[in-house]
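One chain follows as C-alpha coordinates, the form predicted alone.
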Amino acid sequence: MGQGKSQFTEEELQDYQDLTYFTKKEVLYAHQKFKALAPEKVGHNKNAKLPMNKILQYPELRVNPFGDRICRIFSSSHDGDCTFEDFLDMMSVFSDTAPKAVKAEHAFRIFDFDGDDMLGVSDLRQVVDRLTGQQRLSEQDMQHLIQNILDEADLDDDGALSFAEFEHIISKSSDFANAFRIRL
(Lines give C-alpha, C1' and ligand atoms only; values in the text may rest on other atoms or scores of the structure.)
Protein backbone atom coordinates (compact mmCIF):
# COMPACT_ATOMS: atom_id res chain seq x y z
CA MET A 1 0.00 0.00 0.00
CA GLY A 2 2.87 2.39 -0.76
CA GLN A 3 4.80 1.87 2.47
CA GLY A 4 6.44 5.10 3.45
CA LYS A 5 4.78 7.01 0.59
CA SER A 6 1.28 7.50 1.96
CA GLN A 7 0.47 10.86 3.51
CA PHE A 8 -1.99 9.05 5.76
CA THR A 9 -1.44 6.89 8.81
CA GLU A 10 -3.00 3.43 8.93
CA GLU A 11 -5.49 4.82 11.48
CA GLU A 12 -6.50 7.67 9.16
CA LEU A 13 -6.98 5.24 6.29
CA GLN A 14 -9.11 3.03 8.52
CA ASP A 15 -11.22 6.06 9.51
CA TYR A 16 -11.70 7.03 5.85
CA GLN A 17 -12.67 3.46 5.00
CA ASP A 18 -15.17 3.42 7.89
CA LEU A 19 -16.68 6.79 6.90
CA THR A 20 -16.97 6.19 3.15
CA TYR A 21 -17.98 3.49 0.71
CA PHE A 22 -14.31 2.99 -0.24
CA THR A 23 -11.57 0.54 0.63
CA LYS A 24 -8.23 1.88 1.89
CA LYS A 25 -6.75 1.31 -1.56
CA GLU A 26 -9.57 3.35 -3.15
CA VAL A 27 -9.02 6.13 -0.59
CA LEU A 28 -5.37 6.33 -1.64
CA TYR A 29 -6.40 6.31 -5.31
CA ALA A 30 -8.89 9.12 -4.64
CA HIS A 31 -6.08 11.10 -3.02
CA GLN A 32 -3.92 10.59 -6.13
CA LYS A 33 -6.77 11.97 -8.25
CA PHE A 34 -7.25 14.92 -5.87
CA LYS A 35 -3.52 15.64 -5.85
CA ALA A 36 -3.38 15.49 -9.67
CA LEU A 37 -5.82 18.44 -9.83
CA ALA A 38 -3.24 20.74 -8.20
CA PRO A 39 0.03 18.93 -7.38
CA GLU A 40 1.73 22.21 -6.51
CA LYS A 41 -0.91 22.97 -3.87
CA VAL A 42 -1.55 19.50 -2.45
CA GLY A 43 2.07 18.30 -2.59
CA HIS A 44 2.85 17.18 0.93
CA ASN A 45 -0.07 19.06 2.50
CA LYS A 46 -2.84 16.55 3.03
CA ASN A 47 -5.06 19.36 4.41
CA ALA A 48 -4.89 21.48 1.25
CA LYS A 49 -8.12 23.06 0.05
CA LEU A 50 -8.58 23.39 -3.69
CA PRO A 51 -10.68 26.13 -5.27
CA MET A 52 -13.81 25.04 -7.11
CA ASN A 53 -12.25 25.87 -10.51
CA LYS A 54 -9.56 23.22 -9.81
CA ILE A 55 -12.11 20.63 -8.65
CA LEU A 56 -14.14 21.28 -11.80
CA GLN A 57 -11.14 20.11 -13.84
CA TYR A 58 -12.01 16.55 -12.80
CA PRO A 59 -13.26 15.10 -16.12
CA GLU A 60 -16.71 13.96 -14.96
CA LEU A 61 -17.35 17.25 -13.17
CA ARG A 62 -16.09 19.36 -16.05
CA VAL A 63 -18.82 18.02 -18.36
CA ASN A 64 -21.56 17.77 -15.73
CA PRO A 65 -24.11 20.63 -15.97
CA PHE A 66 -24.38 20.48 -12.17
CA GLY A 67 -20.61 20.46 -11.49
CA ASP A 68 -20.66 23.73 -9.57
CA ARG A 69 -23.69 22.63 -7.53
CA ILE A 70 -22.00 19.32 -6.72
CA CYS A 71 -18.91 21.16 -5.49
CA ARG A 72 -20.98 23.52 -3.34
CA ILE A 73 -23.02 20.71 -1.78
CA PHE A 74 -19.94 18.70 -0.83
CA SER A 75 -17.77 21.68 0.16
CA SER A 76 -17.52 21.92 3.95
CA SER A 77 -17.34 25.72 3.51
CA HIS A 78 -20.32 25.66 1.05
CA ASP A 79 -18.42 27.85 -1.45
CA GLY A 80 -17.39 25.02 -3.77
CA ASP A 81 -13.80 24.88 -2.56
CA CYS A 82 -12.95 21.36 -1.41
CA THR A 83 -10.53 19.72 0.97
CA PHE A 84 -9.51 16.14 0.31
CA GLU A 85 -12.13 14.99 2.81
CA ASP A 86 -14.83 16.95 0.89
CA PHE A 87 -13.59 15.40 -2.37
CA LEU A 88 -13.50 11.92 -0.83
CA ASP A 89 -17.06 12.33 0.46
CA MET A 90 -18.17 13.46 -3.02
CA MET A 91 -16.48 10.56 -4.79
CA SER A 92 -17.84 8.12 -2.19
CA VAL A 93 -21.46 9.24 -2.66
CA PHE A 94 -21.05 9.03 -6.44
CA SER A 95 -19.39 5.58 -6.25
CA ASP A 96 -21.03 2.36 -7.38
CA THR A 97 -21.14 1.10 -3.79
CA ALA A 98 -23.06 4.05 -2.29
CA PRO A 99 -26.68 3.14 -1.47
CA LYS A 100 -29.42 4.54 -3.70
CA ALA A 101 -30.95 6.38 -0.69
CA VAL A 102 -27.68 8.26 -0.07
CA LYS A 103 -27.47 9.18 -3.74
CA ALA A 104 -31.10 10.37 -3.71
CA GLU A 105 -30.48 12.61 -0.69
CA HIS A 106 -27.52 14.29 -2.36
CA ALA A 107 -29.26 14.60 -5.73
CA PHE A 108 -32.14 16.35 -3.98
CA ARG A 109 -29.71 18.81 -2.32
CA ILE A 110 -27.98 19.45 -5.66
CA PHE A 111 -31.31 20.22 -7.34
CA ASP A 112 -32.60 22.36 -4.43
CA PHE A 113 -31.05 25.59 -5.70
CA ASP A 114 -32.73 27.87 -3.15
CA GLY A 115 -32.02 25.57 -0.20
CA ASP A 116 -35.61 25.49 1.10
CA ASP A 117 -35.77 21.67 1.31
CA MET A 118 -38.34 21.58 -1.50
CA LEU A 119 -37.97 21.37 -5.27
CA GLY A 120 -40.24 24.20 -6.34
CA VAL A 121 -40.99 25.59 -9.79
CA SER A 122 -37.86 27.76 -9.72
CA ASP A 123 -35.64 24.79 -8.81
CA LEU A 124 -37.22 22.58 -11.48
CA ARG A 125 -36.79 25.34 -14.06
CA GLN A 126 -33.07 25.60 -13.24
CA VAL A 127 -32.67 21.81 -13.42
CA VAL A 128 -34.33 21.69 -16.84
CA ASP A 129 -32.31 24.69 -18.08
CA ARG A 130 -29.06 23.00 -17.08
CA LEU A 131 -30.08 19.69 -18.62
CA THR A 132 -31.15 21.23 -21.92
CA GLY A 133 -28.09 23.49 -22.20
CA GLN A 134 -28.03 25.32 -25.51
CA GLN A 135 -31.39 23.87 -26.58
CA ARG A 136 -33.47 26.06 -24.26
CA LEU A 137 -37.15 25.26 -24.10
CA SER A 138 -39.74 27.86 -25.03
CA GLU A 139 -41.56 29.34 -22.03
CA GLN A 140 -44.68 27.40 -22.97
CA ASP A 141 -42.77 24.10 -23.25
CA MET A 142 -41.00 24.81 -19.95
CA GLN A 143 -44.28 25.46 -18.14
CA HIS A 144 -45.82 22.35 -19.69
CA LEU A 145 -42.85 20.17 -18.67
CA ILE A 146 -42.79 21.49 -15.10
CA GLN A 147 -46.54 20.97 -14.81
CA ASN A 148 -46.14 17.39 -16.05
CA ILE A 149 -43.39 16.78 -13.47
CA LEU A 150 -45.59 18.16 -10.69
CA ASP A 151 -48.65 16.24 -11.91
CA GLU A 152 -46.65 13.02 -11.76
CA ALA A 153 -44.59 13.55 -8.61
CA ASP A 154 -46.28 16.17 -6.37
CA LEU A 155 -48.42 13.76 -4.37
CA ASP A 156 -49.72 16.36 -1.89
CA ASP A 157 -50.43 19.00 -4.57
CA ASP A 158 -48.52 21.78 -2.82
CA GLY A 159 -46.75 22.90 -6.01
CA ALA A 160 -43.33 21.55 -5.02
CA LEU A 161 -41.56 18.24 -4.46
CA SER A 162 -40.58 17.26 -0.94
CA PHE A 163 -37.67 14.89 -0.43
CA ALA A 164 -40.15 12.02 0.15
CA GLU A 165 -41.86 12.76 -3.18
CA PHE A 166 -38.50 13.04 -4.95
CA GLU A 167 -37.34 9.77 -3.39
CA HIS A 168 -40.58 8.08 -4.49
CA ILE A 169 -39.93 9.10 -8.11
CA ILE A 170 -36.28 8.04 -7.87
CA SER A 171 -37.35 4.62 -6.57
CA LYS A 172 -39.21 4.09 -9.86
CA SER A 173 -36.11 4.90 -11.91
CA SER A 174 -34.03 1.83 -12.60
CA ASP A 175 -31.25 3.97 -14.09
CA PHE A 176 -30.89 6.59 -11.33
CA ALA A 177 -28.02 4.92 -9.45
CA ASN A 178 -26.16 4.43 -12.75
CA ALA A 179 -26.67 8.03 -13.82
CA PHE A 180 -25.64 9.38 -10.41
CA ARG A 181 -22.10 8.04 -10.62
CA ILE A 182 -18.57 9.35 -11.00
CA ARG A 183 -15.76 6.87 -11.53
CA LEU A 184 -12.51 7.46 -9.70
Partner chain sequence: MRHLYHRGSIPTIQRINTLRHALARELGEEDEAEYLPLQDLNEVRVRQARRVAFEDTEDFSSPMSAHAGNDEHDSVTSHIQDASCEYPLEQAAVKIVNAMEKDNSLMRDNPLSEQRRLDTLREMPESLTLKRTIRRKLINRVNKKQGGSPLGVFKQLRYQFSMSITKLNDLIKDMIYSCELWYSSIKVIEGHYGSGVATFFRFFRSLFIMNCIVFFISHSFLVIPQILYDHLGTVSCNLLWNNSSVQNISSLNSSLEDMIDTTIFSDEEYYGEQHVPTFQCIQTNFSIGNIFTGEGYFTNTSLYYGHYSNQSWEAIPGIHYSFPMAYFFTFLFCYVFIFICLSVSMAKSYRKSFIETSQGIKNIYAHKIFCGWDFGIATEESAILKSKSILNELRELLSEDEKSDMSQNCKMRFHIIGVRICVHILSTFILIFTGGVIWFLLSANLGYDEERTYQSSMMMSLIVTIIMMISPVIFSWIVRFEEYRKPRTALYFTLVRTFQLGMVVISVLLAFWLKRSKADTQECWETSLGQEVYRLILVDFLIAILGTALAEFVRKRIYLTLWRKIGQPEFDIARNTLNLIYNETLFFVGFFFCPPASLIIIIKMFITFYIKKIGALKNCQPSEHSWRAAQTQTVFLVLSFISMLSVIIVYGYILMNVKASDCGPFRGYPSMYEMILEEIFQLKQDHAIIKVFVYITKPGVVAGILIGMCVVVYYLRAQSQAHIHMVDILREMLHLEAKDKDFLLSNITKVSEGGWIYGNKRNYDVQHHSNKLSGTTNSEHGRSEGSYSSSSSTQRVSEWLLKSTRSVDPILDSSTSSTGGDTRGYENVLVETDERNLSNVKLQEAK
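Positions refer to the first chain, counted from 1. Computed from a predicted model, the values in this text were never measured in an experiment.
FYI, the form predicted together with its partner chain isn't displayed, but the following is about it.
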{"item": "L37, heavy atom within 4.5 angstroms of its partner chain in the predicted complex", "value": "no"}
{"item": "is_contact(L150, its partner chain) in the predicted complex, heavy atom dist at most 4.5 Å", "value": "yes"}
{"item": "Heavy atom of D68 within 4.5 Å of its partner chain in the predicted complex", "value": "no"}
{"item": "Close approach of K33 to its partner chain in the predicted complex, 4.5 Å, heavy atom", "value": "yes"}
{"item": "Residues in 125-139 close to its partner chain in the predicted complex, defined by a heavy atom within 4.5 Å, in order", "value": "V127, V128, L131, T132, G133, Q135, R136, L137"}
